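Read the single chain below, which is given as structure tokens and is the form predicted alone.
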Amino acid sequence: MLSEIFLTPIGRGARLSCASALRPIAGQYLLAHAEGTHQVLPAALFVRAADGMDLVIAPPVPEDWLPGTEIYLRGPLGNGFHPPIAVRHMVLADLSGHQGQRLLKLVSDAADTSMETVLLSDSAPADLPLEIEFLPLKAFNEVLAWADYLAVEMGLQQMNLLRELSGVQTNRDFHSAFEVLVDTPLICGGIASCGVCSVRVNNHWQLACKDGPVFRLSHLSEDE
């Protein structure tokens, strides 16, 4: 059940009370359909945080969802982030305009509480935890040299911008552990293989809905 709607500068987020303890890792998603709404296609939801049986959903969520609405969930779906076990310096970079909301679960999932984290974005969420440092995207190249691990969210059309910010010539120049959450429609959850979310990885096509939406940065083909 949808227990709370909260407003943010980038749209509405939500808190869901679940009968079962769904625990997607950062980067995985849930497909959701709301009872009694005009929703035709399921909404792909990304979990920002888990609190007992409650899930805090990163914005945006559909405009016609209201507190008390029954939400039917399928998942967790897809491939999420898999940072190395020993990460001391983590960089979260959001080029998608979501203020890093879909990346922040990486911090709560981390086993090492001494890990230092920097969020790079055009703007910071109002409730950014104090232990996470915020810097603008123009600091990307400088901070990248400090990072043990990089997690990016972006659309494929921003690949050239990411290389420019990073100061690299090709995707193969990125560290093999660095990963990207591809911001793309996730409609069928891998059931129909409709191809809407196709991504070229190592010069062949994969589906973000089941092979992603998280991929190794160095594996994305150069024409993305």
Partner chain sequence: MTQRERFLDRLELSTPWMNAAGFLGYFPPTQRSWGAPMGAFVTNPVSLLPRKPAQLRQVVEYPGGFLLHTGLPSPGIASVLKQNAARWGKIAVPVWVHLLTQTPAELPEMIETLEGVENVRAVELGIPPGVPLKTILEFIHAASGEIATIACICVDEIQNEWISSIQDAGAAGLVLAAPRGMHKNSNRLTRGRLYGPAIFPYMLNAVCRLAQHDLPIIAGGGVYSQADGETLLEAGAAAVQLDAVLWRNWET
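Worth saying up front: this structure is predicted, and the values here are computed from it rather than measured. Residue numbers count along the first chain shown, from 1.
Another form exists, predicted in complex with its partner chain; not displayed. Remarks below refer to it.
Taking non-hydrogen atoms only, His33 approaches its partner chain to within 4.5 angstroms in the model of the complex.
At least one heavy atom of Leu22 is located within 4.5 Å of its partner chain in the model of the complex. Taking the partner from the other structure, its partner chain in the model of the complex has no heavy atom within 4.5 Å of any heavy atom of Gly155.
Contact check for Trp146: no non-hydrogen atom falls within 4.5 Å of its partner chain in the model of the complex. The candidate stretches are 158 to 166, 53 to 61, 171 to 179, 39 to 47, and the one lying within 4.5 Å of its partner chain in the model of the complex by heavy atoms is 39 to 47. Taking its partner chain as positioned in the model of the complex, the residues of 63 to 94 that bring a heavy atom within 4.5 Å of it are, in sequence order, Tyr72, Leu73, Arg74.
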